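Next up is one chain by itself, shown in structure tokens, the form predicted on its own.
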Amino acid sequence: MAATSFHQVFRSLQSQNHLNYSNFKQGNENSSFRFISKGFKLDINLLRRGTYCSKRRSFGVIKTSASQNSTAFDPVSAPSNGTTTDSNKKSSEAALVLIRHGESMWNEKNLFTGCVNVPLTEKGVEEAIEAGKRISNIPVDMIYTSALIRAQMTAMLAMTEHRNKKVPIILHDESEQAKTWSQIFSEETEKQCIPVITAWQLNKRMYGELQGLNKQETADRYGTDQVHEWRRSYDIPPPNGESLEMCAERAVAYFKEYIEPQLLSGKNVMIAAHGNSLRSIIMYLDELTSQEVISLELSTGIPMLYIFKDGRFTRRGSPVAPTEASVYAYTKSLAQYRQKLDERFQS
């Protein structure tokens, strides 16, 4: 099938281990979810790597190709001697914010969207803005989105509410001319920008021949059980589409190779993506089994906060409102960041 050839490149990527997980609690369609995270051991071999080892993880430090235009946008610099020490890296802490895009125009019409590039509805815009208010006191140094407009709109709209007032700038590396034409020639302006890196690997699961079909009409035609199997099984794809397993292969491989090293370096990262690509990443972060992840539901426009420290991801929950101080006081660094913002904007 077309999907087979399309995904041969996925199969060549490093596969992940799905470990046992307990204490799993799931929310419903209209709420966020909660998990209790545990550390785990994983070896990752990356190009251009420094060395870092903890009891749980091994990492390399890389540069993203999209960041080569500008020194200000170079999120990770390899150490001059090619190595980093455990003591330097273990002290770093970083925030990871995950946001599923707001409601899209095809969500509203109850259509299978997949990789079709559909924008947000008015409700989706409001959800993105509300998500931004909830994370307005959490530091964001880098943003990763899928290649689809609904995720990019969500990230951009969310950042309009952030108190640091920095401007998200999409980086273009599709050609040398694109890099040249998108350069910023003011060092001061660069300091007030946040790099946004788009990646197709974070795209929604490709729904194949279901894309554009009405979900209820499809259930009437093929049967509720068959459609449920296509939508909720782990390793069964829809006709000429991707299974969740195939989506996880590309999304998690990208996360481990490009995003995790940024967190290791102390960069605070936001990811705006889709239900299935984010479920895949959460499966990796929270050590969910393939059976647990198929029951996981993510609400549109609800941010989820993780803290990365000492090679471990710890889930902190979903900020309820920008005035809720408790969520920002989970760690000393988040509390200090919020205090600086308060001091800056007191006048």
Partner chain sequence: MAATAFHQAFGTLRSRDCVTHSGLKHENGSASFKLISKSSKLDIALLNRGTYCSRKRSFSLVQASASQTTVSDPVSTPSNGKTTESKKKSSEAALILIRHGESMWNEKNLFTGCVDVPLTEKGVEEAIEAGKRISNIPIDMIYTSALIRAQMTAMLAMTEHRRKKVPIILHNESERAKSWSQIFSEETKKQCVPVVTAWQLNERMYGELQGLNKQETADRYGAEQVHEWRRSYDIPPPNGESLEMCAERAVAYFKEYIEPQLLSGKNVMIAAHGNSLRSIIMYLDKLTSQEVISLELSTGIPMLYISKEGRFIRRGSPVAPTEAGVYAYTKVMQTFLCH
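By rigid core we mean the largest C-alpha set that fits within 1.5 Å across both forms. On a predicted model such as this, the values are computed, not experimentally measured, just so you know. Positions refer to the first chain, counted from 1.
Same protein, other form: the form predicted together with the partner chain, not shown, and the subject of what follows.
Q: In the model of the complex, do Ile170, Ile184 and Glu209 all reach within 4.5 Å of the partner chain through at least one heavy atom apiece?
A: Yes, each of Ile170, Ile184 and Glu209 comes within 4.5 Å of the partner chain in the model of the complex.
Q: Tell me which of 223-231, 92-100, 264-272, 150-158 has residues with heavy atoms within 4.5 angstroms of the partner chain in the model of the complex?
A: Contact-bearing stretch, as computed: 150-158.
Q: Can you pick out, from Ile259, Leu111, Val252, Ile197, the residue that has a heavy atom within 4.5 Å of the partner chain in the model of the complex?
A: Among Ile259, Leu111, Val252, Ile197, a heavy atom within 4.5 Å of the partner chain in the model of the complex occurs only for Leu111.
Q: Against the partner chain in the model of the complex, would Ala248 count as a contact residue? Criterion: heavy atoms within 4.5 Å.
A: Flag for Ala248 set to no.
Q: Is Ile236 close to the partner chain in the model of the complex, meaning a heavy atom pair under 4.5 Å apart or at it?
A: Residue-level check for Ile236: no, no contact with the partner chain.
Q: Contact between Met142 and the partner chain in the model of the complex at 4.5 Å, heavy atoms?
A: Residue-level check for Met142: no, no contact with the partner chain.
Q: In the model of the complex, does Glu217 come within 4.5 Å of the partner chain, counting heavy atoms only?
A: The answer is yes: Glu217 has a heavy atom within 4.5 Å of the partner chain.
Q: Give, in sequence order, every residue of 113-144 that has a heavy atom within 4.5 Å of the partner chain in the model of the complex, or say none if there are no such residues.
A: Those in contact are Cys115, Val116, Asn117, Val118, Pro119, Leu120, Thr121, Glu122, Val125.
Q: Compare the position of the CA of Tyr222 between this form and the one not shown after a rigid core fit and state whether the shift reaches 2 Å.
A: Comparing the forms between this form and the one not shown, which are aligned on their rigid core, Tyr222 does shift its C-alpha by 2 Å or more.
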